[in-house]
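The form predicted on its own is given below as one chain in structure tokens.
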């Protein structure tokens, strides 16, 4: 499965457009991570707990989108975009979407 955030792939032709595919996940912050983040806010530095949380969320959302594309026969997803939103106190959604296509 080819994944790309550009609309066309140089040297390849879209032979079938299969429509929008998407994946999302909602994750809550861990109390321990919040405590460490508060300390880091004082002294500075990377919030590794949040970095790992976002990496895991992106991977899971992409996997769900890819599974949806495979189920409808796509071999590529183009024009991929990410979005985040807060859905509750301490919880956020990571949403990814793109266009499922068949490339020759």
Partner chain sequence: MESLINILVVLTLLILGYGFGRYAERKHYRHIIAKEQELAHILVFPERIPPPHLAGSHSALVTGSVVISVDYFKRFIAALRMLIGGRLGSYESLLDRGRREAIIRVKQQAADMNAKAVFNLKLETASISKGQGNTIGSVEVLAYGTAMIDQVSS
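Whichever C-alpha set is largest while still superposing within 1.5 Å between the two forms counts as the rigid core. Everything numeric in this text was worked out from a predicted model, so none of it was measured. Residue numbers count along the first chain shown, from 1.
From this point on, the text means the form predicted together with the partner chain, which you will not see here.
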{"item": "3, 7 and 83 all contacting the partner chain in the predicted bound form, non-hydrogen atom within 4.5 Å", "value": "yes"}
{"item": "Contact test in the predicted bound form: residue 28 vs the partner chain, heavy atoms, 4.5 Å", "value": "no"}
{"item": "4.5 angstroms heavy atom contact with the partner chain in the predicted bound form for residue 44", "value": "yes"}
{"item": "Proximity of residue 58 to the partner chain in the predicted bound form, heavy atoms at 4.5 Å", "value": "yes"}
{"item": "Core fit, then residue 73 C-alpha moves 2 Å or more between the shown form and the other one", "value": "no"}
